[in-house]
Structures are given as structure tokens and as C-alpha cells.
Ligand code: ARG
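Taking the form predicted on its own, here's one chain by itself in C-alpha cells.
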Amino acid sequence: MRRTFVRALARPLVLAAAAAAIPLVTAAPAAADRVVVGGFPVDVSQSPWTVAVSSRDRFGGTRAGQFCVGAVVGRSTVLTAAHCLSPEVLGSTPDQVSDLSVIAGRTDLTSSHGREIAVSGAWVNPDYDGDTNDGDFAVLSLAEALPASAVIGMAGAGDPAYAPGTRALVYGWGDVTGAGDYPRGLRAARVRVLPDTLCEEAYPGGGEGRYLADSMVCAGEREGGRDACQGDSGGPLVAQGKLIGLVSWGNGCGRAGSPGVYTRVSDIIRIAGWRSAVREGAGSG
């Protein structure tokens, strides 16, 4: 999840720039229950707030141009990771991507189900720090509204959903093995919120990024095995029916001693200006 396009080191979990050339893969039988590493298939009706962030122009049409994931927090508002909209990923600023869109209501990216909705405005947190990964979130404004049933509530500061040990689910269409195996269908993985100290020890700073408890959430399994992976960036981490995190970064996929790091939603709520950015349909940051 840390360095864009890199899996072996700490990296952001965005799909590689070569996504246009990635063939459609179906996991082998032995790995059929592994996705968002160590996960299982789900129908999007079970998590209607999970949407694919897409650009066929930049990432090809094999999987409908999916390169990141988003969470619907308002009928016309989607949260995703800031690093998903960086020039390093898109090759430009978001406003220069003519077909930037979100795909809602579609489990299988190769199907025609659901809706593809154009992004009318993209606001990237101007305080996002690409070295520490602090503030890794962006707000997408949609050209058409989604139904209220697709919106998930956000957990504010002090919500018990952030307590260590809380069971959570992370959703996405990302790599199922950590080796570039991208599925057609939406997956989820069962993880737990972990103590901040585990991520502080795993990510003290330097080349692997720095874990900051005020703005990040540590989640996964102590022994590894279940985690988000490349292509899941911006995906929702949900606990007790509320959004608590967005897939952001980490070291490898499902490694023992290297938990996943998520942007803390309570910090997104705290940051001044993001709501006004949504209302105004602000341009890219």
C-alpha cells in the first residue's frame, strides 16, 4: 500500500499503471476463496456503498477501467484515497481524465450491471503527505445521485467501532494473492482493528512510511493472512455498520507483522473544508 506500483515494499494499494495490459484472471481453485488477500466473494448488494473508481482511457477496458475503490458517503459523494488521484497514478490531474467515473451496483466488473456515473468534481486533500501517507483521502462529486440506500454512515471520533479487537470488513476488487491476480468480482476480507502500537512498531518512519494514530487505523490479523492488496486503494473498512477507514498503505499483502494501514474516517470528518469542497464540486487539488 505504500509506494505506488510497488508490492514488495510498503506501498499505496492502487492498481499498477500497467493495468491496461493486465489480463482478466480467475483465481485457481486453491485460491478461489482468497481475495483482498484471505477473503471471499460478496455481491455488491451486500455493500452498496462500495464502488469502483474507473478510467478506461487510462487503465483499459478489461475490468471496466477499475484502478481504485471508493465509499459512498452521500448520494453524490464518494470518498477514496488521495494517492489514487495523483499524477503518478493518473499521469495527470483528475480534471484532465475525461472519463473518470465510479461504477455502482456492479459485482462483476466485466458485466453491464449497475451504473457508471461520471465524476463531476474531484477534491484531493491538499495536506496529503506522500512521504508519511498522512491525510490520504479525496472527495469525488458525482454527476448523478445514487439512492439513499447506497450511503454508509461515517464513524466519528470516539466511536466504539475504532476500539482494538473490533471485527471489520474490507472490500475491493484488488489483487487476490499479492502477485498481480486481479478478480472480476467484488471481494471482502474479515479483519480486526488492531492496537495502534502494532502499526507504530511496524511503520516507525523512513522508507516504509510512518504510522500516525490520530489520522490512521491499524487493521488486519496479528498473524497475517487477511488484508487489502494492490487495486483496493480507497476501499471501505466497515465496522459495526459504519465506515471507519479507507484502504491506504502497508508493507506487502497479508504479511505477519505488517498490518494494513487505513485512513481514519474520524480524521476526515475533522478536517476543515472537505464538506464545502463537496458542496461546491471543487476541482482537483
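Start at 1 with the first residue shown and count on from there. No experiment lies behind these values; they were computed from the predicted model shown.
Quick note: we don't show the form predicted together with arginine (ARG), though the next part is all about it.
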### Message
Open or blocked? Place arginine (ARG) on this chain by superposing the surrounding C-alphas onto its site in the predicted complex, and call it blocked when 3 or more ligand atoms come within 2.4 Å of backbone or C-beta atoms.
### Response
blocked
### arginine (ARG) contact at residue 51 in the predicted complex, heavy atom, 4.5 Å
no
### Query
Is there any non-hydrogen atom of residue 70 lying within 4.5 Å of arginine (ARG) in the predicted complex?
no
### Message
Please determine whether residue 231 contacts arginine (ARG) in the predicted complex, using a 4.5 Å cut-off between heavy atoms.
### Response
yes
### Query
Can you check whether residue 83 is within 4.5 Å of arginine (ARG) in the predicted complex, heavy atom basis?
yes
## Note on the structure
With a 4.5 Å heavy atom cut-off to arginine (ARG) in the predicted complex, the contacting stretch among 237-245, 43-51, 57-65, 220-228 is 220-228
### Message
Residue by residue through 236-254, which ones have a non-hydrogen atom no more than 4.5 angstroms from arginine (ARG) in the predicted complex?
### Response
247, 248, 249, 250, 252, 253
